[in-house]
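Only one chain is included here, represented as structure tokens and corresponding to the form predicted on its own.
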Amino acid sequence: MSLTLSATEINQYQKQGYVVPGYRLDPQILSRTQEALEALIRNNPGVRPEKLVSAHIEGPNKEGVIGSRAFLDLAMHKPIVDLVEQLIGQDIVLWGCHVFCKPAKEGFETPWHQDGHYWPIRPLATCTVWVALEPSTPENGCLRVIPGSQLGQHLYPHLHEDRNDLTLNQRMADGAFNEDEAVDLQLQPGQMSMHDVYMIHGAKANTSGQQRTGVALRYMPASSVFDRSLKPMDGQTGVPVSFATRPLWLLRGRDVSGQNDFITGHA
């Protein structure tokens, strides 16, 4: 179980836009986070379990979720941050955490999209670490990616869908990519994938009898700025966000940009 990415894994991330590292969570940390997931769902009965935004902010947050410190601990877990450092450099900012829990039989679809449309980060740069807390398979709606779609750093047009059975109400316009090239990222509990902000990805609905949960941890290089004045796709995604009050953590290094605010949002 490697705590570092091999040259082959780094090359895959750079060329294909994603990688599944060899590292896997320690069973005790996995168990603790799975228990936190149960409490998170129990404490947020009015929130769709696919839309547990900022779950790492302990207590009620400005995005309608009562979060848990356990997810912040996961985001700060040294081996995970070590992996991220090898992809985005030694100056690392944690800016988000989203728990995607798809209930058995009725888990929402996540349409094909690119994260870069929705985030107030300039220059646009983020590595997302998607940690599986339960088996993630094609049957229960695992994450799917289009290899190489991040090359060129191009954001493609997205269309709004006025539906109430989607994790995200934005879908990429037809013709931007070939879905036949999609790769299913099948993961067991404790495994994780890492993907680039320009990567085209999505997930089918969960119609199986097995729940599927992943925790998306969001990291950006401190050379970028989390611009709180920006409101990309404001109110059109179907996922409540409050970037103006979202706290940031400088996990490593220094704020190279000199413009990030590490005070707002912290108690």
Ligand SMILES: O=C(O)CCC(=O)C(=O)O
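The first residue of the sequence shown is number 1, and the count goes up from there. Because the structure is a prediction, the values reported are computed rather than measured.
Missing here is the form predicted in complex with the ligand; even so, the following discussion is about that form.
**OP:** Spot the stretch among 85-93, 184-192, 146-154, 98-106 with residues whose non-hydrogen atoms come within 4.5 Å of the ligand in the predicted complex.
**Re:** Looking at the partner contacts, the answer comes out as 98-106.
Subject >> Joint contact, T110, H113 and A216 to the ligand in the predicted complex, by non-hydrogen atom at 4.5 Å >> reply: Yes, because T110, H113 and A216 each have a heavy atom that approaches the ligand to within 4.5 Å in the predicted complex.
**OP:** Please run the contact check for H56 against the ligand in the predicted complex: heavy atoms, 4.5 angstroms, yes or no?
**Re:** Output for H56 is no: heavy atoms all beyond 4.5 Å of the ligand.
Original post:
F71: heavy atom within 4.5 Å of the ligand in the predicted complex?
Top reply: Answer no; every heavy atom of F71 is more than 4.5 Å from the ligand in the predicted complex.
Original post:
Can any non-hydrogen atom of T128 be found within 4.5 angstroms of the ligand in the predicted complex?
Top reply: It does: once the ligand is placed as it appears in the predicted complex, T128 has a heavy atom within 4.5 Å of it.
**OP:** Flag H201 as yes or no: does it have a non-hydrogen atom within 4.5 angstroms of any non-hydrogen atom of the ligand in the predicted complex?
**Re:** It does: once the ligand is placed as it appears in the predicted complex, H201 has a heavy atom within 4.5 Å of it.
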